[in-house]
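Just the one chain here, laid out as structure tokens, in the form predicted on its own.
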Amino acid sequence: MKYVRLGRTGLEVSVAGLGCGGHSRLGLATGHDEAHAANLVAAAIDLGINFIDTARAYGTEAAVAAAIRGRRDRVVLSSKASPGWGDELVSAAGLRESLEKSLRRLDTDYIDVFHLHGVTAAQYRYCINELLPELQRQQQAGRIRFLGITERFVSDTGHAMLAESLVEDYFDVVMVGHNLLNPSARARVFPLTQQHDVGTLIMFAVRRALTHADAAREVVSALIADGQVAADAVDARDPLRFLTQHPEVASLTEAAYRFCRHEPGADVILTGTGNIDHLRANVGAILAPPLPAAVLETLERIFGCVDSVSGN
């Protein structure tokens, strides 16, 4: 495993981070039990992963607690609380209650990085005015070490919330969507995180459009129709074939992780799975060398201006 400094937190974290949500939720979403999920977290730690990202909403905090019991000092623990949905916004008291529940489920006295989860641009000002002061109180009380915020990338593919947040610079860590189909964080997020020494967690490195040929065709066709991808730049029937046929690329998934891992400004690449062998393969991809320069140039030529898709 390789390790990097997580911005101004000073934490030394693995470049591969275990994401405990997503479609799998450590296997809980596909029929496995909590013991299986805990074993997966333990296997990740044995592989050298020390950054574990969960949230109350994922339902995986108890499994993480079981896996880290007796070795809490070996991991950097990240969890989250949502500010709410639409007009139903959580109060400062509700946020404190959510944190307390996470602490109990994780069986720990403190959380290393605690995030406001999936914040939209419309919610951001409420979060700063009403919720940030409570987070700061909890930080002063020692329950939180560092403050984080995550975007809702599915609906904010152009990073409007993070662009505003990073200018104001209240948070030590951000979670940002970034992948080879939508590299817009390169211009809109990473220059600001580097300027303010903010740590970055990369989500959406691999999504459905990067694992299913039909989804890739659908996404790229929409981008062509929208004018964000030139029609003559890709084979619409198999738009990512230039990647899979390259002799130095093992698979599309591997290429997707390598693309994110070596992006200047990217610290931790989150990977989620319910299968240990799949986890090992993903970690291997994250630790692989950068993509060939010619491949990167082709990706930039085709997708460099895209900011309207998440890859789902």
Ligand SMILES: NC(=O)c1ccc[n+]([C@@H]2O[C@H](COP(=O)([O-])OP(=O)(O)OC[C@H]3O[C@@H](n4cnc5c(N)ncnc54)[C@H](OP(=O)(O)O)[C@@H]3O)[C@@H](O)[C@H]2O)c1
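Everything numeric in this text was worked out from a predicted model, so none of it was measured. All residue numbers refer to positions in the sequence shown, first residue = 1.
The same protein also exists as the form predicted together with this ligand; that form is not shown, yet it is the one meant from here on.
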query: Residue contact check: Ser79 to this ligand in the predicted complex, 4.5 Å heavy atom; finding: no
query: Exercise: Gly304 in contact with this ligand in the predicted complex, heavy atom 4.5 Å; finding: no
query: Val219 within 4.5 Å of this ligand in the predicted complex, heavy atoms; finding: no
query: This ligand contact in the predicted complex: Val173, any heavy atom under 4.5 Å; finding: no
query: Candidate stretches 66-74, 277-285, 241-249, 41-49, one within 4.5 Å of this ligand in the predicted complex by heavy atom; finding: 277-285
query: Position in contact with this ligand when the complex is considered in the predicted complex, options Leu135, Leu181, Val198, Met203, heavy atoms within 4.5 Å; finding: Met203
query: Residues of 132-156 having any heavy atom within 4.5 Å of this ligand in the predicted complex, listed in sequence order; finding: Thr150, Glu151
